[in-house]
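First comes one chain, alone, set out as structure tokens in the form predicted on its own.
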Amino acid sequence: MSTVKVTIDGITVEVSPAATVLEAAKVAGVDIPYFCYHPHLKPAGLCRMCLVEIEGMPKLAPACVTQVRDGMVVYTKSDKVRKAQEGVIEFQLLHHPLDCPICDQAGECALQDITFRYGKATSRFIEEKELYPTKFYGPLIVHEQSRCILCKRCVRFSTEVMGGADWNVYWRAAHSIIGAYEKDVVANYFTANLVEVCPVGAITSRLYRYKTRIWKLEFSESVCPNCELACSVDLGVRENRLYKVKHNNPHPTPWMCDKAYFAFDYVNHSERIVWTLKREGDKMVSVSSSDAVSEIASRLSEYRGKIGFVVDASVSFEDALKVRALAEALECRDCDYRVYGEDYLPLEGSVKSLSDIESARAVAVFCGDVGISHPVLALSMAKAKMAGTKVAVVSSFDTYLGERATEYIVPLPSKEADCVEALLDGSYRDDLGVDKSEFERVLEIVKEAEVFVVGTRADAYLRNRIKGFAEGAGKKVLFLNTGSNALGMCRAGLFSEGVGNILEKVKAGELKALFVFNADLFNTYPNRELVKEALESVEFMVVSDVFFTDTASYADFFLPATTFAEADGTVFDLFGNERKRKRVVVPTEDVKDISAWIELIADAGEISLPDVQEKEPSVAVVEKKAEPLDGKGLEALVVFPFYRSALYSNWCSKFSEVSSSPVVHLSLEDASRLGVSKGDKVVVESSGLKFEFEAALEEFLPEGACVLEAGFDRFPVTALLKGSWLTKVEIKKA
């Protein structure tokens, strides 16, 4: 039977035999109130708010867990149902604080709405309510147990979607409480969903708390700027100020990561530069944008053919095309977006949606921390694993997916690519430095895998190797890139021989001028010394950015740039789909997007901008790199921790506060040898430079390897690097 007929309040509908009464009621347009039900979680039947009367059944039945049958007749507004609804609400309100005037959830609270529609106007409860203290779980969320109705949505998200977390129900019966048992800080990459699934004001955001009322915000749909998933988000604006980011459209999944939810307040930051600046001696002074544009335009004729252009991969496709148009008009070829030193361009994969991964029997993930670079993708794979998909991870450092995977190999950073090649070859080698039995278990999943996911640490050679292997074996492959619009940058033709090559040419005097858009090279490029030498050598430099960064301190002109919320634009997501950003905040007069600045410069200098179109990259055969690590000590992989990896994270107050100090991750063996315990201060030294970190001990890290966290303001860890994110360091206890 493909469908069954169900009559609800006199309305007959045809639905799937697997549907519940609640789902059938939605098809019929009949409203059934509920608290615990969530369309993307398994039904639980906990709150009993959705009780309905069904012909032939002696008792009321919960609509969210009762499966339909052919000919079923349901009543949702009978006297028995109405009385039950009033009773459930009365019990929910027995100890619930009636603090709607000060509760942040007011206006979007299910308990508030349902009480007005289905509850009684008065309460019979006159005794003192039981109250619990407010719990601040770190900088992101606040939990008020007194408001909790024990619907367990947050707990079910943690267990069903995330695959387990320290967030559950503790104690029993009337003494039941929800929260973290062992942690005072809850920040698990997807903490935002605890706030979003809560139907009352029990879990709220500290970033939004007491800022404004939900009904005062005007929401517009846009996309998140933090990774290639380009998740749909609703931006809540009041009086030209961005207050809230929500995820109401389940694209590509119904869940969002903490970058999207918490890392947006830089848009409103008081340290934003909103005036055009010009260098006068050692100082930057404010000038009119027209004067700055005229001076920049007049200088460009001096440097025709000798200008480099560096653009961060988060800018829009239209802006990238405009940068290329200016470069071509000035006869310049050195344009690139790979500010993190990547040597690869986006390769087109055969995975077209997350469902390709979630429906696969087995998935293999290589060379990267997907939880940091593409969080929602990692969440989808963790969820798929719980549903039966085998997930194998081969990564020198993985903070989220590895511990949830079916099998996880952790080679030394220098052996990561070799380990992947050995898996492709199907044979174990002694020089890999990993356990043979673990390797063979991963190899079985690699053979069975229908999808390969290639992380951001895989270089151009390895990507081409994996692509060729996957095509020959009939497997799908998904290549991950750094930056939220890397594919758009590539399609716009904004690539040459790499940012490192541009910096070398500037240092050598082959390029005399430099334009840098939305990038702080001191923070992103893995060779701080080269960046410094290049910027000290450049004759003329223009920086357009949101904040006055270390890179901007070398500029002759600073042009204030728009954020993702202040300009319309197109980006291309991980699967090649075109997505639209929307302008929801009107910037001040001097703040302009890249396209606007370039058009003004071109008009002032009477430069005719060509009409440039998409450009197909030529995929060259890349030789395997042999780069032995120099120096003594441990192999050190430098990474950006999750809560320092969002756009302008140092200007995102609550988000960046989670990672308050830089950490070095050590293996248990190396920590024991060094006499280091968790939380100890250690000194990391290389090439005469010293940095102090806090130690964290990791059971999965192999002996001889460590991981250094970067991305902290005024903590230039990139000074240890010479073009690669891997180096050698010596560590001792402080």
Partner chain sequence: MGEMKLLLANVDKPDSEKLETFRAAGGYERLRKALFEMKPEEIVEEVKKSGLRGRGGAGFPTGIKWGFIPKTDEPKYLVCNADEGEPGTFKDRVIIEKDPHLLLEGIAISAYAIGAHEAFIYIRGEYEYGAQVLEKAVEEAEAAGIIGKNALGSGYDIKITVHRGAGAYVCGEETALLNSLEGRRGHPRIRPPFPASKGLYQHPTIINNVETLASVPFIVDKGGDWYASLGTEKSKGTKLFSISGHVKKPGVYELVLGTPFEELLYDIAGGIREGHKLKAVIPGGSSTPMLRAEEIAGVLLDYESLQAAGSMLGSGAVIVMDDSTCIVKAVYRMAKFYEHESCGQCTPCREGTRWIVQILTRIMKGQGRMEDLDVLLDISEIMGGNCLCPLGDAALGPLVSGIKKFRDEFEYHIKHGTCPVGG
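Positions refer to the first chain, counted from 1. No experiment lies behind these values; they were computed from the predicted model shown.
As for the form predicted together with its partner chain, it is not shown, yet the points below apply to it.
Asks: From the candidate stretches 58-66, 24-32, 694-702, 672-680, select the single one in contact with its partner chain in the model of the complex, where contact means a heavy atom within 4.5 Å.
Replies: Every other range fails; the passing one is 58-66.
Asks: Using a 4.5 Å cut on heavy atoms, which of R528, R206, R465, H95 is close to its partner chain in the model of the complex?
Replies: The residue from R528, R206, R465, H95 that makes the contact is H95.
Asks: Please tell me which of D431, E182, E127, D282 lies within 4.5 Å of its partner chain in the model of the complex, judged by heavy atoms.
Replies: Contact residue from the list: E127.
Asks: So in the model of the complex, does K152 come within 4.5 Å of its partner chain, heavy atom to heavy atom?
Replies: K152: contacts its partner chain in the model of the complex.
Asks: Does E657 make contact with its partner chain in the model of the complex, using a 4.5 Å heavy atom cut-off?
Replies: Although its partner chain is absent here, E657 would stay clear of it in the model of the complex, with no heavy atoms inside 4.5 Å.
Asks: Whether F116 contacts its partner chain in the model of the complex should be assessed with a 4.5 Å heavy atom distance threshold; does it?
Replies: F116: no contact with its partner chain in the model of the complex.
Asks: Against its partner chain in the model of the complex, would V684 count as a contact residue? Criterion: heavy atoms within 4.5 Å.
Replies: So V684 does not count as contacting its partner chain.
Asks: Would its partner chain be touched by all three of P139, G201 and F219 in the model of the complex, meaning a heavy atom each within 4.5 Å?
Replies: Per the other structure, none of P139, G201 and F219 touch its partner chain.
Asks: Where, within 72-103, is there a heavy atom within 4.5 Å of its partner chain in the model of the complex? Residue list please.
Replies: The stretch touches the partner through K83, A84, G87, V88, E90, F91, Q92, L94, H95.
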